[in-house]
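Presented below, as structure tokens, is a lone chain in the form predicted alone.
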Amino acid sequence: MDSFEFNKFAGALLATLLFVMGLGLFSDAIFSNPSPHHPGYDLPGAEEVHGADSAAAAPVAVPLPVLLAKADAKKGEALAKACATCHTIEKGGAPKSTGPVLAGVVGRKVASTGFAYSDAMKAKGGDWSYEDINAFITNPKGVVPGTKMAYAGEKDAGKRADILAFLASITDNAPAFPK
């Protein structure tokens, strides 16, 4: 093969690569893909309030029975989709490697399913009452220091009540809401 033939093949290859790159740039300019305004599940982070603002920022605590009386299980189901990243929610499901099954949790013994619970969770003992679940999803690491749960907690009491109503709806023979 002489140098003229080689130059034709090399030129064709380079022209093809240049055409493909140009086509990519042109299609990116025409078909833009904007990034979403909100992440898929906006998980709350740890919030800290310092100084004199902490007293002013402290919300008025509404008793859990009042919140549960107004709770909406459908809203709780939507909120629990964020929980599904680490937990199995469906009845009869197997625990995920990051969290136990939530179906049937209300009234169940703590650390009693086939999940590899932390030693701190095993030491907690007792049953999952509405009050216990409410406290735990408010601040998991504050209630059970050493828990494997990485979730920072749900600060909104109304959202927690909706989640509790949903958990009760997926629990067979769930205890009645506290009065």
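Here the structure is a predicted model, which means the values were calculated and not measured. Just count from 1 along the sequence shown to find any residue number.
Quick note: we don't show the form predicted together with a small molecule, though the next part is all about it.
Although the small molecule is omitted here, in the predicted complex none of A71, A135 and A168 has a heavy atom within 4.5 Å of it. Residue contact check for P95: none of its heavy atoms lie within 4.5 Å of the small molecule in the predicted complex. Contact annotation for V143: none of its heavy atoms lies within 4.5 Å of the small molecule in the predicted complex. Residue contact with the small molecule in the predicted complex: W128 places a heavy atom within 4.5 Å of it. In the predicted complex, the small molecule sits beyond 4.5 Å of every heavy atom of L64.
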